[in-house]
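Only one chain is given next, in structure tokens, and it is the form predicted on its own.
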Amino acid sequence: MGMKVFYFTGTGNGLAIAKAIGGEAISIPQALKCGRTRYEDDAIGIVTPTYAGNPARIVVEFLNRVDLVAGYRFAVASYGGGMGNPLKPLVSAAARKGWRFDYTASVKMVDNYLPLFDADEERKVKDQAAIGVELKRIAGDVAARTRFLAHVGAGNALYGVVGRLAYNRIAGPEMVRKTFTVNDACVSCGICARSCPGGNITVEEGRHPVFGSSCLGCYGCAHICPHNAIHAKGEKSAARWRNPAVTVKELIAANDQR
């Protein structure tokens, strides 16, 4: 049976989930870029990170733009701190299209939001072996075509509502220009621009990166910089994160909008 898994990733967690589930992994930024509006397979899945209790807005945009035709459809969200309600906007987007998910799940992974989390501390408290077990369970559920919708308590539902306001500010056009700074360790390699899913960064030869107004709030640019030259206002430490199951080359392939 064929399966397509559409994912969004900034620092590798989303792609790691897609890899664990199996099937054909398709980058959502690249799918939007190609402009195709209909996908069909035996099973189709969506993988999103959670930002302030909500899915990455590009994932909702994708669901609003395309028709996903399958006998089995599922969604998985990764989160690092509070879970919030990242699956509800996906469920609502599906409902507007006249269909529903057969299976939804969330998995706790390393959080990359630098103003709140120290990446080194996250590595210590988030055991990769345990995460692997959880991903294997989700993959098994999908392979078995399990039908189950994850329950979200009142507290997480409220966090999702309140967090949406915060996410809109964190990834807003004015906020991003105040968020990131670039120090003299920068060598203008352009890796940050090549790995930006919003096409929000430009790098001219010999110059520091310039940030635009279409940031998605993934923080991938800061984490992927090979010289640790990009820093976020109020970051907890200079430690950075990339999911060990994903390479820099894969992140660039997933997100390059040039």
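On a predicted model such as this, the values are computed, not experimentally measured, just so you know. All residue numbers refer to positions in the sequence shown, first residue = 1.
As for the form predicted in complex with a small molecule, it is not shown, yet the points below apply to it.
Three-residue candidate spot N13, Y79 and I170; every residue lies within 4.5 angstroms of the small molecule in the model of the complex by at least one non-hydrogen atom. This chain is drawn without the small molecule; in the model of the complex, the residue among I201, C218, V59, I224 with a heavy atom within 4.5 Å of it is C218. Put simply, of A52, L68, I191, A43 only one has a heavy atom within 4.5 Å of the small molecule in the model of the complex, and it is A52. At least one heavy atom of F8 is located within 4.5 Å of the small molecule in the model of the complex.
The small molecule in the model of the complex is not approached by V152, whose heavy atoms all lie more than 4.5 angstroms from it. Although the partner is absent here, Y113 lies within 4.5 Å of the small molecule in the model of the complex, judged by heavy atoms.
The shortest heavy atom separation between Y103 and the small molecule in the model of the complex exceeds 4.5 Å. Looking at 94-102, 140-148, 79-87, 182-190, the stretch with residues near the small molecule in the model of the complex, meaning non-hydrogen atoms within 4.5 angstroms, turns out to be 79-87.
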